[in-house]
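Encoded as structure tokens, the following chain is the form predicted alone, with no partner shown.
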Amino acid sequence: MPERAASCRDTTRVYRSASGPVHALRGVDVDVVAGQVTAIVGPSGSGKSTLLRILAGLDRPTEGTVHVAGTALAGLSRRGRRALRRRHIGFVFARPADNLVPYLTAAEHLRLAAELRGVDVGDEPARLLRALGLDHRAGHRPVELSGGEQQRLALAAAVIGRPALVLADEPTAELDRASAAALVAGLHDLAGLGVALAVATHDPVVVESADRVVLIHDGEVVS
């Protein structure tokens, strides 16, 4: 049976607003499995990004349980959640520039990510750059990379040190079709290393290639 890297059970998130409570998630059950790409799909405002933030430990559910890498997030302090994120969770934002440090080269990004994760990764940075078609860009800074190359570098930084879970929020939203296709291929290459990837997306290319698809509507999993 495939290993669950992360799971939500009966997870609800309610936000308070001036007009009353807003249910971002309603009793959601989701598994994210190691070695697979899970696409989280739904219209804008359906709860996709809220689910990613809860899986990342950046937000707390109002009700329900969340486990990542075998750890229950509910029992963790803020410091504990930060430590869990650093070691076991990678995150990729929609805008390439939000994922990268302008003055670092591609190779330096991976070395810094490994240092922050607190692991000795040996020659993994070079292998990841090669696997994602970026080995010839190792000495280049973000401004010298295309948007697609920046996102592939962000994925490499997110997966360095083999975290249990990598979350990506609309990673192809600002890419052209060819760059998006290259990024999707990169997602599956990284899943092949045993990492669990959960991708919130509207992109049919991502959805069609995913190993599993979770459809969310009005905060509920409908399929």
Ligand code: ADP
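Every value quoted in this text rests on a predicted model; they were computed, and no experiment measured them. Residue numbers here begin at 1 and follow the sequence given.
Form predicted in complex with adenosine-5'-diphosphate (ADP): not shown, discussed below.
Peer 1: To test your reading of this chain, name the stretch in 183-191, 61-69, 152-160, 46-54 whose heavy atoms come within 4.5 Å of adenosine-5'-diphosphate (ADP) in the model of the complex.
Peer 2: The contacting stretch is 46-54.
Peer 1: Between Val214, Val199, Ala24, Ala210, only one gets a heavy atom within 4.5 angstroms of adenosine-5'-diphosphate (ADP) in the model of the complex; which residue is that?
Peer 2: Here the answer is residue option Ala24.
Peer 1: Between 121-159 and adenosine-5'-diphosphate (ADP) in the model of the complex, list the residues on our side with a heavy atom within 4.5 Å.
Peer 2: Heavy-atom contacts to adenosine-5'-diphosphate (ADP) in the model of the complex: nothing from 121-159.
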